[in-house]
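Listed next as structure tokens is one chain, alone, in the form predicted on its own.
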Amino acid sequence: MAKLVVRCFTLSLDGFSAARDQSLENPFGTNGIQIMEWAFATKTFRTMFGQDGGSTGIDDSFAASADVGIGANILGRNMFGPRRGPWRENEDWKGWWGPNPPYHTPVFVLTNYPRPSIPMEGGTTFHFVTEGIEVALKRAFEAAKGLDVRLGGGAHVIRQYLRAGLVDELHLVLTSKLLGAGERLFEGTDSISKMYECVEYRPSETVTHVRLHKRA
């Protein structure tokens, strides 16, 4: 049965997925990009950015498996871009990733403001959903055609799906970095310990990978 999954979602040691003051120049907030250093060092991520080399150990294994079995993705507005409010007339922003985004599937972006779908290179098409998280999930499962749907974030969106009991699996990456402030993943989700159990706790030389499954 197809599942809603979170993969490679990275957190600082003090529980933040992004720092304050996210912007076009700093999509993870001020100094927030440091929590992604583990990923940028892997062969999988270096290949994604057209670079040679990179680590091939535990971290790379998790990074490489993040796309396996995924048929569609769901993102919050913040994960698509830094702008807020209504889309501009003749809006030209098409996401952080350039003409060939790394998703290669239909991507459903949660927003309060309608916008026509955007087909991109490599099989990615961005669809903008204004009807809420459950409609986005229904459309994503339909588009995934039996494969899993990945919930990419940000933290605010993941919290909404957690509170609704809709997330089946989470793969979290715990780093040693401290951000001090920003957006916490589990803020206000006090039922996590009742709804989920840890099925894997695997440290590498740089981070710790934790996988949570919804209890039966």
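All residue numbers are counted from 1 along the displayed sequence. Just so we're clear, the structure is a prediction, and the values are computed from it rather than from any experiment.
The same protein has a further form, the form predicted in complex with a further copy of the same chain, not shown here; the description that follows concerns it.
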When a further copy of the same chain is placed as it is in the model of the complex, which of 185-193, 45-53, 144-152, 66-74 ends up with heavy atoms within 4.5 Å of it? 185-193
When the contact criterion is heavy atoms within 4.5 Å, does A41 count as touching a further copy of the same chain in the model of the complex? no
Is L179 near a further copy of the same chain? Define near as a heavy atom within 4.5 Å, in the model of the complex. yes
Decide whether L174 counts as a contact residue for a further copy of the same chain in the model of the complex under a heavy atom distance cut-off of 4.5 Å. yes
Within 4.5 Å, heavy atoms only: does E25 come near a further copy of the same chain in the model of the complex? no
When you measure heavy atoms, are D14, C198 and T206 every one within 4.5 angstroms of a further copy of the same chain in the model of the complex? yes
Contact with a further copy of the same chain in the model of the complex, heavy atom within 4.5 Å, among A2, C8, V5, L212 goes to L212
